[in-house]
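Just the one chain here, the form predicted alone, laid out as structure tokens.
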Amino acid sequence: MQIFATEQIRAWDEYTIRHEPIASVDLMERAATACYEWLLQHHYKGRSFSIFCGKGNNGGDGLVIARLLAQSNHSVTVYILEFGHKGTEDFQINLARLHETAASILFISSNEAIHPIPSQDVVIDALLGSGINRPADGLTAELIQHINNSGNEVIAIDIPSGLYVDHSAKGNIVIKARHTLSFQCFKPAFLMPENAESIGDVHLLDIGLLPGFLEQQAAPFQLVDQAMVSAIIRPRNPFDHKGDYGHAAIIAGSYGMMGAAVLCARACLRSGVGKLTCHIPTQGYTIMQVSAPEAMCRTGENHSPHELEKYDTIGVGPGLGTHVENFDLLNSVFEQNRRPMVIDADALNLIGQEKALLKQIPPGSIITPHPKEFERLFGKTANDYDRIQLALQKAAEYNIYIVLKGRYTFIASPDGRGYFNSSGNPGMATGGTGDVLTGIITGLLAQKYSSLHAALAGVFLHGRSGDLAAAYSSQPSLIASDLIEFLGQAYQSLT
């Protein structure tokens, strides 16, 4: 699924208006009707509503919702932000239609016209929409702050007022919504952690925008979803043998951190790899043999990193430790292996301390930092949007794939394309889940998936496993081992 910025969303509307064809006011009716139906389907039937509208098309959506609610015997008060100019044509048409209902219509033209919101009302935010390019100020900002301070439940239409679609709104006065009802596709703003307090739960409503537009419009980002990953995963052939599915190596573990190595190994095995050899410290031998009997082991105080050319790929880092001798270990691994590999955890922390190692990473490799590890590698950024752009820049500079972990994990490709993952849940915010991800991606890479496909499929399957595990038990009780146990079902769900 494409993720569109402001101009592309507007162009998709215009494409639909021209080619369906449909009048813009009727497309507005369709979008607002979808919002109205969502309200009735989600336990808002019979509630009373305070609907705040600007005079743009977002406000027009609010007027249509108000009319539909009033016509179905809901108590509706509409507050229109008044600056002495006419609204858009579609706004004016729907304002005339609203006057034919029992809805109460009030205009806010000064601070004195801002009155307390009835405590029982659901607030609908249709003030500004997605077209803004500067912070809300003056009366608009005061009204947003008034809504936020009211304590009422707030539902934003299209996007919370004051929030930008495709760049940071840090420091802006922004509506804090419990739900955001948006249309057709994700906007970049919905995928940024810094906006979590404003957007609440996002619900995408299909309003019938024509799919033909997608064939002629490149998107800055794409959403990794089930359809995309189903097309990536290859079926197995009846006469295949274990040699057809690759031989992976995992270099991981240290005293007190063998759990990370075990989680990574078990996830790699469950991902479908043909063979796995774990290079681990001597003291971890028994732990690994008991915990992952399907894996072979090579032991030594320095993980015995030799004969690496026989492996299809290597995963390195989980539980490795940041001891001084591990700098030599990484140097040795990078010298012996020039094929794409997976680098995570302490291997990334070591590189963060010795930045020259970045240039030694084999081309096409996949690194999987969380935000703090990313910061150690590449420096701080002012906001989440800048971090995404920095990830794309560094992926191109070092010819690597960067999997920046988070709620919507971002995959930066060296060709400049970016992908946000759609699966996963907050229950996965627990120790060891990153080690599982490293194992899954390593296993896919060993099976001859391209680096991009291994990253995309690995991240999605990892999140889907977490979703299935949380559905079985709960988010709070989720542990990393659960993801491995549900990986088989995650594969099944793709078909």
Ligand SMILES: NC(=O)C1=CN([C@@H]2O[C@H](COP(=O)(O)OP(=O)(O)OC[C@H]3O[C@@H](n4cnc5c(N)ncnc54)[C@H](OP(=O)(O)O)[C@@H]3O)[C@@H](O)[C@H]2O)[C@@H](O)CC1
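Note that residue numbering begins at 1 and tracks the sequence as displayed. Every value quoted in this text rests on a predicted model; they were computed, and no experiment measured them.
The following text describes the form predicted together with the named molecule, which does not appear among the structures shown.
Note on contacts: among Pro118, Gly321, Pro362, Gly131, the single residue with a heavy atom within 4.5 Å of the named molecule in the predicted bound form is Gly131. A single residue from the set Gln447, Ser50, Asn58, Ser451 has any heavy atom within 4.5 angstroms of the named molecule in the predicted bound form; that residue is Asn58. Contact between Asp13 and the named molecule in the predicted bound form is found at the 4.5 Å heavy atom cutoff. Although the partner is absent here, Pro220 sits far enough away that none of its heavy atoms falls within 4.5 Å of the named molecule in the predicted bound form. The closest non-hydrogen atom of Ala34 lies beyond 4.5 Å of the named molecule in the predicted bound form. Interface membership of Ile17, defined by any non-hydrogen atom within 4.5 Å of the named molecule in the predicted bound form, is confirmed. Partner proximity in the predicted bound form, defined as non-hydrogen atoms within 4.5 angstroms of the named molecule, places exactly one of 135-143, 380-388, 270-278, 334-342 at the interface: 135-143. At a distance of at most 4.5 angstroms from the named molecule in the predicted bound form, none of the three residues Ala249, His306 and Tyr401 contributes a non-hydrogen atom.
The single residue of 172-193 lying near the named molecule in the predicted bound form is Phe183, the criterion being any heavy atom within 4.5 Å.
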